[in-house]
Structure formats: C-alpha cells, structure tokens
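Next up: just one chain, as structure tokens, the form predicted on its own.
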C-alpha cells in the first residue's frame, strides 16, 4: 500500500512539474528541429532558435527543440514526428537539409505549420518542387549581404581579397557574386585605378573543414591575400585556421556573426535568421500566414546585413554601415543575383579575378 501511495505521489509531482512548465495537455506549442549541429552551433540552429525563443517568451508560448540522431532524411522525419506528438502547432526547420523531409512532412501533417529556413520543399532527386499551404519557405538575398561585405572590405582599405565558397549551390554563388560586385563599386567610388583590387575566387565542393581548404587559404595568404570571405560552413574553420597561422590576416564570416569562432573574423555577412523566424511566427499568430509562397528576405525587410556589434574593421564605422545599408535598401546599387553565370561574367572593371579550381 505504501509503495502504491509513493508511486501516486511521484506521478502527481511529475504532472505538476509539467503543468508548471505550461505544458498541460497541449505539450510544446512551438518546436525547432535542429540539423546536424547543436542548438548552440553559432549558425542556423542557434540563430533560428533565438528567434523562436524570443517570440515564445514575449507571447507566453511553450517551446522545445528536438535533435535528430543522425543527419539523414529519415532521422529528420523522426524528429519532426516527435515534435508533432509533443503538441507542436508550428515547427521551425533551419537549413536546406530539411527540404526533402519537409516535402514529405507537409502532406503527412497538414494541420501543422512548418517554417523552412533557407530552403524550399522538393523531392530527393530535385525533379519536383512543391510547397503546401502549411509551409512557409524563407530564402534570402545573399547577394546583398555579400555586396555589403565586399564594399566594406575595400572601403576599409583591403585591396587583396579572397572568396572561398563551399559547394557551388545558388546561395553560395550569390554570396560570392555580391562580394565581387561590392568590392568593384567601392573601388570606383574611391577613384582607384582599374585593377587595383585583386580577388582570388574558389569553391571547395563541400562544406567540410579539410587540410586541402586550409592549405589553399594558407597559400592565398602567403601570396598576399589580406582577407578571405569564407562562405562554406565548416570550410570557414579551415580558412580561420590558416589566417591564425599566418598572422595579420583576416576572415569575413557568413550566415551568422562568427566573431567568437576566431580572433581573425573581422565581420560576417549575415542572414538575420532570428528576425526571419520571429516574423514567420508573428504572421501565423496574427492570421497573416503566407504558406505556399516563398519569402525572399533582403536588406529592406531586415533579412540580411553585416555584423557590426563585434566587428573589427579598421576604419569602416557604424555610421558608414548605416549609410551603406540604407543605399542597399533604397536600391541605389544594381546587384546581380544570377547564380547560373560565372563570376567573370559579371562585367566587373576594377577587380582582377583569379579563379582557383584545385
């Protein structure tokens, strides 16, 4: 009898703890499923989580995150299943790795809303793209963020630049093209002689840290490159390692403010992930959900920008950035966003581009 009473007390305590967390019968109303990284990855997971958490805290919504056991479509779907069983009304999935899982989940759970950050639902063979009304895909104008990074670098006095991309997917290409165009415009504004800015340009073909990527960056730095825009996930860690070893060299990070990754990070071209998730949740709860159509967020709607809070620019100031940001928002510059052409096809006149393919 005593054992039975003890079990009842323990069960009651557990229920009261859940109730205290605001769970009740509905579970967690908002959920995020992480990709390969952790919730504090200083990248897509963390940025998206911060936006979800901010909205949830401000509007008294319960929330939780789920971490898949491995980086496969099946594991992502299992984590989504857990979130749905946990009571989620809206599930945030950060990154293009969720494009295929969401293609399947959107039909399996028509009553659940999905926010797909930086991607659009499609089949595994890319043959079919389709977005149901319960999915809000969010894409970004990476070319604007890259443009601001290249512009700031030249205005800051750098003349020997590098762009190290990861896989040559459209988003990475747009970052690189924007970077080259921003450098070109800044050089013209400063009245520099044609060819004053040099740009080493390459795609590694992956998103992994590797000895090859570090050796390539080290070679660029040794040959005189001053700052490299590292736009390829963990490829950036290889570039940072090369900059640290070289001494006096710099890196521009990508997607989120990567200042904490290395002392060599001078700034970052950012997608405002937290803002994006917050906006999507706000649209859902204000009955302005635009599922079925893709948002393309840019500087005008706080979708992209440069990291300035922890920036280490030598002369490029917050005031300079605000002026640049407003100009981009006002469409004062024509920024090519085509990802199906090469960087040498952009018609740049003040940048000597050397494409490295090895």
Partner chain sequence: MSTIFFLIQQTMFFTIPLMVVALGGMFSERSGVINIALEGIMIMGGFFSILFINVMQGTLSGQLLLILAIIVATISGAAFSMLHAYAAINMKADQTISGTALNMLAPALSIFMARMIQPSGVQQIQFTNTFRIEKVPVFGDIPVIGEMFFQNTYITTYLGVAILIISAIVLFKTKFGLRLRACGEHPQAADAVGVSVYKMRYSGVAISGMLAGIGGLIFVVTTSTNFNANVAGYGFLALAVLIFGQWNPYRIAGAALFFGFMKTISATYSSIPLLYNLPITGYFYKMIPYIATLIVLVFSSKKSQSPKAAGIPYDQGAR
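Numbering follows the first chain given and starts at 1. Throughout, rigid core stands for the largest set of C-alpha atoms superposing within 1.5 Å between the two forms. Treat the numbers as computed from the prediction; the structure is a model and nothing was measured.
There is also a form predicted together with its partner chain; it is not shown, and the following applies to it.
Per the 4.5 Å heavy atom criterion, its partner chain in the model of the complex is contacted by stretch 36-44, the sole one of 286-294, 36-44, 299-307, 318-326.
When its partner chain is considered in the model of the complex, residue 211 lines it closely, a heavy atom lying within 4.5 Å. For residue 272, no non-hydrogen atom is located within 4.5 Å of its partner chain in the model of the complex, even though that partner is not displayed.
Proximity of residue 245 to its partner chain in the model of the complex: non-hydrogen atoms within 4.5 Å are present. At a distance threshold of 4.5 angstroms between non-hydrogen atoms, residue 354 is in contact with its partner chain in the model of the complex.
Checking 238, 181, 279, 268 against its partner chain in the model of the complex, a heavy atom within 4.5 Å turns up for just one residue: 238. Note on contacts: among 133, 222, 130, 108, the single residue with a heavy atom within 4.5 Å of its partner chain in the model of the complex is 222. At a distance of at most 4.5 angstroms from its partner chain in the model of the complex, all three residues 216, 234 and 261 contribute at least one non-hydrogen atom. Residues of 318-340 that come within 4.5 Å of its partner chain in the model of the complex, judged by any heavy atom, do not exist; none qualify. Superposition on the rigid core between this form and the one not shown places the CA atom of residue 157 less than 2 Å from its counterpart. The rigid-core alignment places the CA of residue 71 2 Å or more apart between this form and the one not shown.
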